[in-house]
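Coming up is one lone chain in structure tokens, specifically the form predicted on its own.
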């Protein structure tokens, strides 16, 4: 989606795929947790529900997310993924796939589920012993040869092959998951596309470290998350080993298979900055990518230290937007503009390092990245420019009804309200508490939940703690009511 100039009447947050609108949504009040009521509510619009119960002794087939109850898996916590694939770039087929999952049982397990769809499962083993498995199209049910005790670490290995399918972005209908174009194969998996290409516990609440090993024919290269730990070439094939040593949500795991050139940047101490671009863009070296180190340094003054050892961008075609894959944002050519690069960078703190507890908390990702746009506009163009931009966004949101952003519903998970009202909420909080306290709130929130998960209530608790005041009236108005408050 094209953007207007930095000072705009409306900036549609081109942060993930594209923003859906909020037009025509009924006026709604969402009660803040802990508020008494006699009103009952139905499941959120678009939520996937299930009445299937697992067999006795099995972990649940989902963690019970309010919007995607069947994502994630009960009974264990994943510690590490080793994903090994051989990919045919011409067809997009995974000709050989093997994922090894190291996990710890959180309950006694006679069996368990993994999220996995679309591909042919060849073999499943638990702790080296072949396990009985059954695939139903969305889940892989696994019965090991002997039960797993609570607290016990176990290793699951799944061999598979095939061409991954895709899911669809709620409310927008855009493809998510494994994308095949004439130029490349790549993954953009928010919110539920990760389990189209590897088995796992596909929910942000179950973060893990990753090793991603991908083999492709030369001259194709593979870009993924973290740092490039190894690269070998033999008989016309190339294998790339990427290590993501910090916990990561499954939807942020990516691979890009394409003919790419690496561009090293002058970085900050301890941070490797490297972009991966098609040859023509590498020669051009787009200006928005050149300033990454400068912008990391700026955001550190607001959010605290950059949370990872590396950062970069990989440019693809046919996507039309950008996704903040951890340490390696996936950018379409059309998304190579300053404000989008800024937005994805801010997600490394908000969304990647600090991940949402449930998909209902999505404003904690998108609203914070939109607020980062405000800070950037102020830094680059001045306070008046930022305030003009904010007034334009507020006027736009005032003209359109929408659900409270504390509960936007599945169909508006990536709607404009989540982005714009989320950012406006944080701007209003900044005005209310002052810049020094706001910086302290943001830095404390990041420090407290780095590498972990946070909910809306967790952020409110941090804000009230640091501000040393009750902010319930403020947050009720901005997060839990559908009517948009006036700008402070």
Ligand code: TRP
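No experiment lies behind these values; they were computed from the predicted model shown. Residue numbers count along the first chain shown, from 1.
Keep in mind the form predicted in complex with ligand TRP is missing from the figure; the text below concerns it.
The listed set 244, 119, 188, 339 contains one residue whose heavy atoms approach ligand TRP in the predicted complex to within 4.5 Å, identified as 188.
For the candidate set 412, 275, 324, 115, a heavy atom within 4.5 Å of ligand TRP in the predicted complex is found for exactly one residue, namely 324. Only one segment in the set 374-382, 166-174, 399-407, 205-213 has residues whose heavy atoms sit within 4.5 Å of ligand TRP in the predicted complex; it is 166-174.
In the predicted complex, no heavy atom of residue 240 sits within 4.5 Å of ligand TRP. Mapping the unseen interface onto this chain, residue 344 counts among the residues with a heavy atom inside 4.5 Å of ligand TRP in the predicted complex. Taking non-hydrogen atoms only, residue 306 never approaches ligand TRP to within 4.5 angstroms in the predicted complex.
Ligand TRP in the predicted complex is approached by residue 319, whose closest heavy atom lies within 4.5 angstroms of it. Applying a 4.5 Å heavy atom cutoff to ligand TRP in the predicted complex picks out 366 as the lone residue from 354-391.
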